[in-house]
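A single chain, nothing else alongside it, follows as structure tokens in the form predicted alone.
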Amino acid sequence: MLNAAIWPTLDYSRVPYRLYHDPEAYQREQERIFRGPTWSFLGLEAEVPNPGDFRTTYVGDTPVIVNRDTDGAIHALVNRCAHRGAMVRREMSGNAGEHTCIYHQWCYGLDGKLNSIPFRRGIRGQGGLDPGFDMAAHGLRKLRVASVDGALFGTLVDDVEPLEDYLGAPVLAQLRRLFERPVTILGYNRQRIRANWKLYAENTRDNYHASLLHEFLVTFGLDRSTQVGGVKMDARHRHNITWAEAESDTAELAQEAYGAARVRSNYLSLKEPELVRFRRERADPLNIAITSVFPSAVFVQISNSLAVRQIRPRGVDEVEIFQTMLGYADDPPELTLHRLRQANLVGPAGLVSMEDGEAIEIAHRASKPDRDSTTVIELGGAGVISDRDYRVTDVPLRGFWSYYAELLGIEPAGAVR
């Protein structure tokens, strides 16, 4: 039985492998996290600019439609017909005045209301639905929707804290920094990883791996632990911002640090240096800003590449990373081209993301046979969970697990928060 006794320590510095592989844990996550009192990223207002525009997405493994109504209002609806539970919209995007289920043609408005049912009165007085059938009670289930400068979040729970309180001041400020100007969509990519979704959620909070696993990043100075940087979390430590300042270290300092650790950092060469050039766009010096929002959103700035990643669980053993690549609507053409070129860092065949996928898969496979053993999460020190002004740390992972345990009802007495 899944309960608080699963934790060997009170500071979440030991995570049982069982939690990555247990079907009971997965089902409880869907009920208490994704369909519980959390806000999940749905998409961007820029993706549905016109009346009738829609996109399909997920909250956990629950399919969702996001659309703009004829009056300009944005709705988020569970993408599941009331009749037999079929997915109503199977396309990724489109424009329509209504949503009609292919199975039996039940038709819903853009606000989710059930508008029509074929043969509702039967044929020649036979069959059909009872006269008292309540159409209003069988529309598409609605999510609550809130926006931060065009970034849309939804929740399936009515009694939930306001989105701004849920995000907290540091994350809210970082999202407003990213969406300070109207954005444009440069493209999408999807990456399927044969591993549990939480391994990816951990990976985005894990500063330790970035310049060790990703030789490209450290060699060309895009992301090095020797840079000025750190981690900043909300008060509950459920979300995290990993940040670093451009040109805050030197090649000599990096070579000394990585050389002493026997990490290769100068093996690669680059025939096109423009690919890694950081064009400063803001008053601040950040060239790395990776904002992980519990449970399943990651807002990413790597140099001039901008993106939003959505973590979509596909059962215990698989996760899909759906990534939206961004620019700003007022970008000059040469900056748009620069962003697109740097987008080659990420995605299924990216210079960076491909390595993340492989690392996560080998962790998932190797941990599966010995579910009573645990990870060791102590970089940055055990005990207290707090912000750090350095990057050799995995403290934010413990913040993730702390909130996870609370929501799943397996938080031990006296646990660190």
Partner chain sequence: MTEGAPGSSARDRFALYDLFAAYGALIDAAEFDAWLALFAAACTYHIVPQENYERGLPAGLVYCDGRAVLEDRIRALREANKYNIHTDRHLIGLPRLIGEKGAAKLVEAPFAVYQTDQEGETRLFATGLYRDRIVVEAGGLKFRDKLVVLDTFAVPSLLATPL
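Residue numbers count along the first chain shown, from 1. All values reported here derive from a predicted model rather than from experimental measurement.
Below, we turn to the form predicted together with the partner chain, even though it does not appear here.
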{"query": "Residue 145: touches the partner chain in the predicted complex, heavy atom cutoff 4.5 angstroms", "finding": "no"}
{"query": "Residue 113: touches the partner chain in the predicted complex, heavy atom cutoff 4.5 angstroms", "finding": "no"}
{"query": "4.5 angstroms heavy atom contact with the partner chain in the predicted complex for residue 155", "finding": "no"}
{"query": "Partner proximity in the predicted complex: residue 284 to the partner chain, non-hydrogen atom cutoff 4.5 Å", "finding": "no"}
{"query": "Selected contact from 387, 61, 361, 53, since only one has a non-hydrogen atom within 4.5 angstroms of the partner chain in the predicted complex", "finding": "361"}
{"query": "Contact residue in the predicted complex, from 73, 235, 123, 92 (heavy atom within 4.5 Å of the partner chain)", "finding": "92"}
{"query": "Which of 114-122, 95-103, 272-280, 301-309 sits within 4.5 Å of the partner chain in the predicted complex, heavy atom basis", "finding": "272-280"}
{"query": "Heavy atom contacts to the partner chain in the predicted complex at 4.5 Å, residues of 177-195 in sequence order", "finding": "185, 186, 187, 188, 189, 190, 191, 192, 193, 194"}
